[in-house]
Each structure stands twice: as C-alpha cells, then as structure tokens.
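Just the one chain here, laid out as structure tokens, in the form predicted on its own.
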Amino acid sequence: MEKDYTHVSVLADEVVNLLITGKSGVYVDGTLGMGGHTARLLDALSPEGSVLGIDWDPEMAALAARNLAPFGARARIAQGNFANIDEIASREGIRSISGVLFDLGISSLHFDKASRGFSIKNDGPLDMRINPDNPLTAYTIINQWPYEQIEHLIRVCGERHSGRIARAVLDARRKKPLETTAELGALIERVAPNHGEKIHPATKTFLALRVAVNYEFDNLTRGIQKVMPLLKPGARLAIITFHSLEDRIVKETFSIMAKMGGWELVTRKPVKPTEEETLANKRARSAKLRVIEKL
C-alpha cells in the first residue's frame, strides 16, 4: 500500500496574520505542496475569498486537490511553476491579487519518499526533481558535470570541503556511476567527516544538488519579478525561506523594492518560528518569513 505522507506547514499562524489584508480577496499560494497553508488561508477568509494554489509537482497538486476538496470552488489548483505565475494567473482569469505566498521549503513527502531521491537518510536514486518531467537530475550532475562545475556548485552552497568532495566524486565515477543517495552520502562521509557536528557531512552537497536540479534561485527571482505587477495596492507578498542563500536573495530584493518606491517592508526582520513550533516540528527550525506590501 502507498504510504500516507503528511506535511506540517510552517509559520501558518504568522502567514495568515501577515498576508491577509482583505478577507474577500483572491490569494495565491505559489508553492502549494499538500495544501496546508492554503487550507489555513481559506479558513481565515470570508466565503467570498478564494485561493489559487500552484505546484510544480503533479503528485503534490493531486494530493492538494484531495485535501482541499471540502473548500469546493474557493480552492483552485494549477500545476505549474510559480516562476510563471503571470501566465498561470492569466489562464485562471486572475488579473489582480490580494496576496501571494511563496514557501520555498521542500515538502516532507519529498524527503520521506525514498524514490524521489532527496534524502540522505532514505536511500533512493539520485533524482531530486520536484517535477518528474524536468530533464536534469542529481545523477546527471554527479556523473556528467566536470570537476569545476561540481566544485563551484557545492562551494557556493557553503561546503568548505568542496574541492575534496568534487575530486572524490570524479574518482568514484571513473570506476562506476554513482547511482543512489546512500552511495553519495557514504562517499562524502568518508572524505569529509564532520567531526562531531550535528548535521550529516553531505547535507550542504545535497542542498546544492537540489537547488541546481530545480533551478531554485532562478525561479525565486523570476517569481518575484512576475508577481509584482499582479499585486493590487495594499496587497502583500510573503516568502518563507529555509537557508541563508535564499533568505539573502529575498532580503536584498525586498530592500531594493522598498528603496525604489511603491513598496513598504512589513517585516523589518525575518519572522521565525516559536520555540513551541520548532519543538513540535524540527523541520521548522530554519524557517524565516519576510513580508512586503505594495503601496
């Protein structure tokens, strides 16, 4: 039987409190996942309020459709990438939006389902694609990219042993391709042990591969640019990040928007989960929420 996967949406109360400015408006959840944030928004909106949920992963979109069925027509679901939010909104007949959420975290399903290849702990193929139609996989990067590209990729994502890891990958793949997350994790553990650190020594390499496979930084900047004209005056854009590189992009972009005029920072500093939330959901501990409002 198929395992029943669950996902706990982070900073849900804070998203509802900071994003909703009009209870009868049209909102967009650009990273729908299993629909947790969308359900919370719909609960807080009036019967006239609605949410369009977008997800790049067709499996997620199908799960969300099932979870959000009780809301009827107030919950609309589109399969696509939030980087193309302008085209998706146009297809859905939406010209003006009251608020948008981008939750940049990867769903628990992706980590827990071994076949998706995201997790160090759950052995699976070196895949890491959010959308299975995406031609680029972690396998391609690890087994076909040259040393310089692999080293640069993992160094940019904060791995201080990037050279050592990239050399080890090339040495290993000359003998046979690296095919699974367990193989890659064990290789990195051998050549770059963490000497007592809490995180697995392959964590930053896996993050780098996931970011590259799914074009995460490009999609983030494109998504912000595409959504800006769609937001009506008084509408807000809320973004949840889970690592420092993403947060820096959001912080700097929001700062530029505020300086150029027509936008005002709602959160001067990022909103973080409460201690209670992090104790209940350890995956929330690195989450940061930033919000900006269109004037």
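Just so we're clear, the structure is a prediction, and the values are computed from it rather than from any experiment. Residue numbers here begin at 1 and follow the sequence given.
Below, we turn to the form predicted in complex with a small molecule, even though it does not appear here.
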Discussion item. Since only the chain is shown here, I'm wondering whether I54 would be in contact with the small molecule in the model of the complex (any heavy atom pair within 4.5 Å).
Written reply: yes
Item to complete: Answer yes if any heavy atom of A138 is within 4.5 Å of a heavy atom of the small molecule in the model of the complex; otherwise answer no.
Response: no
Worksheet item: Closest heavy atom of L126 to the small molecule in the model of the complex, within 4.5 Å or not?
Response: no
Item to complete: Would you please decide whether M34 lies within 4.5 angstroms of the small molecule in the model of the complex, comparing each non-hydrogen atom pair?
Response: yes
Worksheet item: Of the listed stretches (42-50, 266-274, 230-238, 24-32), which one has a non-hydrogen atom within 4.5 Å of the small molecule in the model of the complex?
Response: 24-32
Worksheet item: Should the three residues S9, G80 and N219 be counted as contacting the small molecule in the model of the complex, with contact defined as a heavy atom within 4.5 Å for each?
Response: yes
Worksheet item: Using a 4.5 Å cut on heavy atoms, which of I130, I224, V211, A202 is close to the small molecule in the model of the complex?
Response: I130
Worksheet item: Looking at C157, I142, A192, L104, which has any heavy atom no more than 4.5 Å from the small molecule in the model of the complex?
Response: L104
